[in-house]
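Only one chain is included here, represented as structure tokens and corresponding to the form predicted alone.
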Amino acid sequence: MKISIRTATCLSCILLTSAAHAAVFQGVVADEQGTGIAGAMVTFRFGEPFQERTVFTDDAGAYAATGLPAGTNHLLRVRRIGWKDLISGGHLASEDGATALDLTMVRHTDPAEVAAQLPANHWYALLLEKFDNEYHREQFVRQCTYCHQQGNAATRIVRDTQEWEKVLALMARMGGGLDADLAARVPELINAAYDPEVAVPALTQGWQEPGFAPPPSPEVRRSVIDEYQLGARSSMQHDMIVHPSGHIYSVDMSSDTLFRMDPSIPGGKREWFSIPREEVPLGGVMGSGALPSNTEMHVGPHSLQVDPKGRVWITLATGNRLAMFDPSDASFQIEPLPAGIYPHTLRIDDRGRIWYTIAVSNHFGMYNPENGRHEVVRLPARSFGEEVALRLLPFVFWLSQHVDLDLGGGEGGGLPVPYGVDIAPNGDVWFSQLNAHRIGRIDPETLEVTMIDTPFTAPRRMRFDSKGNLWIPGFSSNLLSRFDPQTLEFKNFELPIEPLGSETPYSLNVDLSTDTVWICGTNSDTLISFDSAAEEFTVYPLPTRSTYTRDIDFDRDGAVWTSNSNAPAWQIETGVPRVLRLIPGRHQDPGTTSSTR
């Protein structure tokens, strides 16, 4: 099936094509007394759709932003916790040499404004302290940060009980259900924790002291962060990948769209492709009643990977299908699932077979494109009652197409949710069950399933390293875990995000060239690296508030890519989703105009 391609008109692409070379801004960020400010994030925005490049200041407050388009006006923002954001426009990059630009920041005098600068997890930690029941606490973390941050400016709002009941009902319709007794307590707990009269003093204690919100390490401050607008306010950007060609692919669930971006072209050429819906109704198998009012989701593209032939495979979650996109002719091939509900995450083995979790119905699937063979495995339930509930789901979803049902996902979202998946170096297939707190192994030849309980809660998206260790994020347990499939032993590492216990690591990936593990700091606006040999963490702050990261990938230059997928997207600062590239300080800055191929 051939489809039309729409290409975004990128002003920065046009300007950069005619520019002689990329430009540089450099200078010093200082306070009103002329003292340099270490660790300030200096961001330059240009183009339409916009691109942003962020660099950090060194110990003396000096910065240098290279690789920017010459002859182009830039919007500037400088950010450092404790100082007022500095925002100004019309900064023209010179075509001849560096453009000098010294900047002065002004200290905040109102602690409430400082508290508002803190990442969501700082506020969230105040709420977690209110729980005296560990079961409720874990359930709240797992369910109330399912698709968006908790504690950001859009969620830390004091509401009356009736308003909270509406919010919780909408959350339940989206799959984030809570036990009835916990749901009844949530309004009181949130209002008490986020009351500014209580929260601001707690969050800003010692805020005028030098040790408050210290700058990141020198290595981190040598890093460069690029962000590319991809989508709109109604988008739900989900996963992204780096294609071997160097293109970036990303999916927008709410509009059934596949995006492609070429970062080797100045400004990042964007294209988008409408995924065929094939008469799938609004909401797909989930029904339109479970969706927010501004979505056009029919098939709901979710996860994507590249097969050995360079084709992009996508799970269509609400459409109950797999899709294959061929970059050579921009065509789609759609493959319906023979069984199960809501295909979720997929990985592809060396033989080109697609292995994927089927989240809602507790299945696991395999599709072999070479012979058209499908295999679907029903995963073990934890009880007879759970098994009955799972087997009744197809009828319930069929009935929901004809009768308005509340599909809130059950008490506490308690049904097992097959989630992450990866292929071991020996070919074994491993997966996680989020709500069941288990991982499992599937023999790729016999499809025999072995289940293993995890000594932590909510294993989510996981990956193997080059040595055969499986690395797993504990979404509601604030940790990184290393699992040895040979000895069946786990070793856990607490994430160093402050306040401790406030992080919700959604996903991770392993740079196989170094076995460095990169973890999503999903609730703290960070990316976190873990040196698996030295067993040391490094935390990289991200410049955009409400950065809910989904999946991680790497390009050939060693840069780290992810997507900002907070849902709803309007909670993201600027209100639109992005994909972003972190160029770690140990790597040479490739600049805007170089290729990642």
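Note that residue numbering begins at 1 and tracks the sequence as displayed. Remember, predicted model here, so these are calculated numbers, not experimental data.
Although it is not shown, the form predicted together with ligand HEC is what the next lines describe.
Only one of Q26, Q571, T43, S529 comes within 4.5 Å of ligand HEC in the predicted complex by heavy atoms, so just point that one out. For this set of options, the contacting one is Q571.
Q117, T454, Q150, N492: which sits within 4.5 Å of ligand HEC in the predicted complex by any heavy atom? Among Q117, T454, Q150, N492, a heavy atom within 4.5 Å of ligand HEC in the predicted complex occurs only for Q150.
Applying a 4.5 Å heavy atom distance criterion, does W164 contact ligand HEC in the predicted complex? Result yes; W164 sits at the interface with ligand HEC in the predicted complex.
Hey, in the predicted complex, is I265 touching ligand HEC, heavy atoms inside 4.5 Å? Heavy-atom contact with ligand HEC at 4.5 Å: absent for I265.
Hey, in the predicted complex, is L178 touching ligand HEC, heavy atoms inside 4.5 Å? Flag for L178 set to yes.
How about F140: is it within 4.5 Å of ligand HEC in the predicted complex, going by heavy atoms? Yes, F140 sits close enough to ligand HEC in the predicted complex that at least one of its heavy atoms falls within 4.5 Å.
Ligand HEC isn't shown here, but in the predicted complex, which of 152-160, 129-137, 79-87, 202-210 has heavy atoms within 4.5 Å of it? Only one stretch passes the 4.5 Å heavy-atom test: 152-160.
Interface residues of 414-448 toward ligand HEC, as seen in the predicted complex [heavy atoms, 4.5 Å]: Contacts from 414-448: none.
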